[in-house]
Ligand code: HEC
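Next up: just one chain, as structure tokens, the form predicted on its own.
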């Protein structure tokens, strides 16, 4: 029955003749390991196509959904982390295998006549594969992809005459956004795959036409591919896939950086390892010379690579082969040197390492927020994930607006002239300040705020009484926004608190609270609702108000921050960050699973 079915299929398709042609292909000089690169490349390409199709079932190509869909693939979808990891690392394996295949063809002299077109189609396959890498960068719409793509397209825009127009075509306008994602996705899955299949089909057809280049002193009679060469091809393909699987397992899948943030210009953008040499090479051509490094020299190298098969027409055959090998090995050696130099420069670059650490923290934070059931990826897009996170956005705004004068946990951006904001508004901060207001964390560096040091020298409050006062004032942070001082004082727990009289008799001499302190404003800010969001907000918006630090000289006051400097949303982020009001994951999330 099976023989009849096989005969019927063969009668309609002729598959036996195709299989016989493939398995009995004549191999000059017999089976050799140097012929396995083509089969390994074909295997990796098939794996790329298969995993790419699986990824397409879950990926959403838009600037608002791309990161979220890739996050879903990497952290939620069953085996998604493995599928994406295989797609990511087989892409890199294709670069390595293509380079090795080119070297094998070069050393064997298989680029010379009559195989010129085979060499050119091989070069086309190399450039199409690099195109896959460049367009695939951007698709997760994370920080790495966004900034690496911006650098690449800016280089493209520097090309004479057509550069700016070409850049607009790829970017989809002037700004990088939804059009950029959709165009790169269209190129990645709609344009490059048929180009690669066409080049690969032409390449294989030409190999069938001209056969393998026989090695020197090869036996006159070729041997069939089956079984030795087929076995070698199978071993090489399985070996390559096994190495890729091990790499995927070791890395836990492919990396996913924090969502793309065009406003974060300090991201330490670096291309993948196979483009690092070009990145390092561009450093040699600053300013107006940049076009030489981006266009002239790389273009000349590509042109020479394409002309290598024609050297035999103007030079002796052996000398032309020597020059061709010398040129390619020189280019690869230079690329290797520049790659190592780029890596070493980064290792010795402290600002880069600090920025890289900050980027890694943002990546882990974004994944932790997206994994949390109470947060998740916002419907508006992953770009809002960190923008609405007090730990990330609050800290960023604090660094930008406040840490020129203040410090946070001892860290600042300039010379400290104000108190440490770490744990500000808490009982611990307050108790430490009452114990030693002249310490560096409090008012040692603050001009015009020496009243607390004078109070410390004259107060008769004992340590246990300072504890009671700290407990009482720390409770101010929980006063609701709609509660006024008189209403608050009438509450039983406030009226009966042991710290009420201590505060009234000692602190109230300077810090005024209506209905609690006597006299007018003297030389200290009002403390009603101290540590609450409304106290923070008024302190930031109106530090020169009479109930804040209006009594100080203008030069000593904290500057006011209006909505044009700190938006209401950012103000809320600062307050929540200072009050430690943000998600605290139990542990850092895994890389992918």
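Just so it is clear, the model here is predicted, and its values are computed rather than measured. We call the rigid core the largest set of C-alpha positions that still match within 1.5 Å between the two forms. Residue numbers count along the first chain shown, from 1.
Although not depicted, the form predicted together with the ligand is the subject of the following passage.
430 is the sole member of 125, 359, 73, 430 with a non-hydrogen atom lying within 4.5 angstroms of the ligand in the predicted bound form. Site annotation in the predicted bound form: the residue of 475, 451, 157, 293 reaching within 4.5 Å of the ligand with a heavy atom is 451. Residue contact with the ligand in the predicted bound form: residue 557 places a heavy atom within 4.5 Å of it.
Shown alone here, residue 539 lies within 4.5 Å of the ligand in the predicted bound form, counting heavy atoms only.
With a 4.5 Å cutoff on heavy atoms, residue 525 counts as touching the ligand in the predicted bound form. The ligand is not drawn, but in the predicted bound form it has a heavy atom within 4.5 Å of residue 574. Residue heavy atoms within 4.5 Å of the ligand in the predicted bound form occur in exactly one stretch of 65 to 73, 34 to 42, 47 to 55, 528 to 536, and that stretch is 528 to 536. Against the ligand in the predicted bound form, the set 267, 269 and 377 makes no contact: no member has a heavy atom within 4.5 Å. Residues of 293 to 321 placing a heavy atom within 4.5 Å of the ligand in the predicted bound form: none. Core-superposed comparison between the shown form and the other one: the Cα of residue 59 travels less than 2 Å. Once the rigid core is used as the reference frame, the Cα position of residue 441 differs between the shown form and the other one by 2 Å or more. With a cut-off of 2 Å and the rigid core superposed, residue 279 has a Cα displacement that falls short of the cut-off between the shown form and the other one.
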